[in-house]
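Let's start with one chain on its own, the form predicted alone, as structure tokens.
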């Protein structure tokens, strides 16, 4: 008879999934202690975002057997975060979220190693993201999701039959919450729909008529948007507003308070100002916990093959009772992000500068201030200044020479995408074909794959 007083293994629940065969597993699943040990030793997961959902994700992944985690977040802890972001304390206010979250989880879960990165996701080069087996997203921004999606899809390569090469696939698990509602989705670039394939799932942001903001404000949000969209430009002509700059946000809040007092409107607070300007949706701790659990389980499935993954979009609604549903969306075969790449045909004499000008003029790209890389090598970098100076001489060199005189290959371009009068950071994979060499036939200039 087993000794009931013997200490139970911390991985006992994980062992039930990883040490036994089953009927719903992937064909490559090989149960055993070696799989569990490899998962703990070799699997690397990047958690993007250390807010309400990110805190839950870090905790759940650490308790699910993942020992090598990284977390990236550009924000500092605020008092308003403490009601749901359970890893933070009052004494942590003002400290980087990523650093505090990593420290707290490592204090509570023995053996886990979490590397924090206190920076913008755009500050990391492509090679940084290539180091991870899986990327888990805990973001509240469409722009940030779109950027990480483009980065993950940039690693994807296709064979001659336009089928994705399995070894180049970088899986993602994306979670999101909005009050009592949430979603979890699995993105396998080249196989399932990527974020851009289903961008239409996200409703358009609420926009207020400028005449209402300027003449007849009726709500606190009107006063805030007046300070943000109208007053800022009047006072700071030519200076761009940065929603992540505390002084900029404080200025908008102060001006919104003055505007509200003038029209007798109540309810302008600093947290509401942040919510309106950054389009932040109120978060609820229980929803974060439920969605994080779903994301962590899908991450474990991908890493181990212990079960078939979600196909491919889970929605949760806790407004009235509990309702969940799984919907299988279809990949957009013409997607500019997860497709084989945007095809561009060039003469061998085209310089790097001319090529960058073409990216800005291409109606399907509209990519300005581009930084160009080729197989991890920086051909030209807009920033930091030291890299810009080091790569500046390449601007007048033919791209054909910079790419090693190959007839065709892949480039990655990171820059600012100007779409619908809105500027966002973006990354695009470009299939470059040089004309008239080694039997390459002339093709029409193409803007898409």
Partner chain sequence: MAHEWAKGHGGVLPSTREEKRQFKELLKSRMIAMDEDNYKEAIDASFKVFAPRGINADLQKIINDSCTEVGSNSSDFWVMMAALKEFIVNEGCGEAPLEGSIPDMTSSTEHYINLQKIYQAKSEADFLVMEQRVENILKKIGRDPNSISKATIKSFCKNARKLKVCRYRLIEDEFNNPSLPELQKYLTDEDYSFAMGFYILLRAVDRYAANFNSFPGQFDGGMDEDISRLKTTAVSLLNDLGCNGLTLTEDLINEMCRFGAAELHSVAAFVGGIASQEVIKLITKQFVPMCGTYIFNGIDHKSQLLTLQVQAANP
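Just so you know, these numbers come straight off a predicted model, no measurement behind them. For the two forms, the rigid core is made up of the largest set of C-alpha atoms that agree within 1.5 Å on superposition. Residue numbers count along the first chain shown, from 1.
A second form of this protein, the form predicted together with its partner chain, is not displayed here; the remarks below concern that form.
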Notebook entry, point to check: Does its partner chain come within 4.5 Å of a heavy atom in each of 188, 243 and 270 in the model of the complex?
Noted result: no
Note to self: Since only the chain is shown here, I'm wondering whether residue 412 would be in contact with its partner chain in the model of the complex (any heavy atom pair within 4.5 Å).
What the structure shows: no
Checklist line | Close approach of residue 263 to its partner chain in the model of the complex, 4.5 Å, heavy atom | finding: yes
Item checked: Partner proximity in the model of the complex: residue 217 to its partner chain, non-hydrogen atom cutoff 4.5 Å -> yes
Check: Quick one: does residue 63 come within 4.5 Å of its partner chain in the model of the complex, counting heavy atoms only?
Finding: yes
Notebook entry, point to check: Using a 4.5 Å heavy atom cut-off, which stretch among 343-351, 247-255, 100-108, 285-293 contacts its partner chain in the model of the complex?
Noted result: 285-293
Item checked: Heavy atom within 4.5 Å of its partner chain in the model of the complex - the one residue of 80, 324, 378, 368 that qualifies -> 324
Checklist line | Proximity to its partner chain in the model of the complex, single hit among 222, 228, 183, 84 (heavy atom within 4.5 Å) | finding: 222
Note to self: Can you list, in sequence order, the residues from 26-53 that come within 4.5 Å of its partner chain in the model of the complex, counting heavy atoms only?
What the structure shows: 29
Check: Core-aligned, does residue 267 move its Cα 2 Å or more between the shown form and the other one?
Finding: yes
